[in-house]
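We give structure tokens for two forms of one protein chain below, kept apart as structure 1 and structure 2.
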Structure 1
Amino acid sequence: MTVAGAVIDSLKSGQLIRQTALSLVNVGIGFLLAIFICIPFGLVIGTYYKIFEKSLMPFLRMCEKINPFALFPVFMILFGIGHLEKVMVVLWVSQWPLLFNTIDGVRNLDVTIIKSARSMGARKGNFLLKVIVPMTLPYIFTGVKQSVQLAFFMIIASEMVGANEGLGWQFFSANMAYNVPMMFGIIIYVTVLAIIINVLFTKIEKWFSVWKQSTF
């Protein structure tokens, strides 16, 4: 059996597609949660509550450095093996790039623009939506791109360590059955998926930072 044959067989039977969908759903949920939590949090921390930033940043930096592989067993204990655990793993790994990039973006805001918006009488709510968010958007999308890659990478790893469905599990079971062509097939398949995700998000990132270049 060849590598291509193994992949085509698996694609035909729908098994590979089903497992991919399962993995991607977990990534999607965790990732969206991370977006909804981290971006507002980062914006608030970076703009209004400097004291928060000062006190929280070292702690958050420390948390970021905790090895996610070491945390898999802890997540398994706390959330049980299954969807919830996978979503939490994705949420955990993808929150850091999002959060830090958002805070960085807010910090690097052009002071003149803030001052001019303020002098033109922008209120706080308006200010956030019309000035801060658009200005930080390119940074946020850098974070989005980094974290989606990390999330995809980590979901495969966490499915290999403990799961009964998903792409990582499919790979693991091929490994257990010593189905070497299938193993290589899945490696190539996963890499292609990763590249597709990468290219897609690079496009999105470019699309969102186009206006930035045009204004400066």
Structure 2
Amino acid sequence: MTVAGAVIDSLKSGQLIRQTALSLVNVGIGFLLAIFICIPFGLVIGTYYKIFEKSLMPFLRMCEKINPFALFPVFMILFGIGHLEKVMVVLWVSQWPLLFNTIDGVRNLDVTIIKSARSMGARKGNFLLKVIVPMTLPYIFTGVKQSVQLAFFMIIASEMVGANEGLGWQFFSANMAYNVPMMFGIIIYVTVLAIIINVLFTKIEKWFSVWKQSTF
């Protein structure tokens, strides 16, 4: 059995599609939670609470350095073995690039534009939405692309431990059955999916760049 044949057979049976959908759902939920929590938090902290940012940053950097694989047992104890645990694993690894890149974006803002906006009486809400957000978009999307790649590969790893579904579980099952073509097929399949996701977010970034220009 060839690698391509193994993947095609799994696609025809619907097994690979089903496991892909389950993995993507867990990635999507955890990743969206990270976006809705970390980007606003980074914008607000970086813009209005810089003293708080400096005092909190060493602790956050320390948390970022913790090996996520070592946390798998902790997440299993706290959230059980199931979808919630997988979502929280994705949230954990996704939050750091989003948060730090957003804060870096605020740090590197053009001071002249900020002073001009404030001198023209920009209110706090409009200042954040129409000045800070557009100017930090390149940094935010750098964090988004880093986070989604980490999240996608981490969900595969987490599904190899204490799971009975998902792409990681399918790879583990193929490994246990010594189904080498399927093992290599899933590796190639996952790599192609990661490339597609990266291209998709690059296109979204270009679309938001147009919005940034129109905002200014």
Partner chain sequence: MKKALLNIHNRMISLYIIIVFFVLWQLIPYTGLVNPHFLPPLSKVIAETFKLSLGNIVLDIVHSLRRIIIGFFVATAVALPLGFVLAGALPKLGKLLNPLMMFLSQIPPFILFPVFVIIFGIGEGGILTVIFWSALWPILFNTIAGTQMVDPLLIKSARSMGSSQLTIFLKVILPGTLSSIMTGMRAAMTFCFMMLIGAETMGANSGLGWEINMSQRMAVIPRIYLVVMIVAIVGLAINYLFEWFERNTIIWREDAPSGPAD
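Computed from a prediction, not measured in an experiment: that's the story for all the values here. Residue 1 is the first residue of structure 1, and the numbers go on in sequence order from there. C-alpha atoms forming the largest set that superposes within 1.5 Å between two forms make up the rigid core.
A.B. asks: I want to make sure I have the labels right. Is the form predicted together with the partner chain structure 1, or is it structure 2?
C.D. replies: The chain shown first - structure 1 - is the form that fits the description.
A.B. asks: Quick one: once the rigid core is lined up, does Q15 have its C-alpha move by 2 Å or more between structure 1 and structure 2?
C.D. replies: No: Q15 shifts by under 2 Å between structure 1 and structure 2.
A.B. asks: Rigid-core fit: what Cα movement does T202 have between structure 1 and structure 2, in Å to one decimal?
C.D. replies: Spelling it out: core superposed, C-alpha of T202 shifted, distance 2.7 Å.
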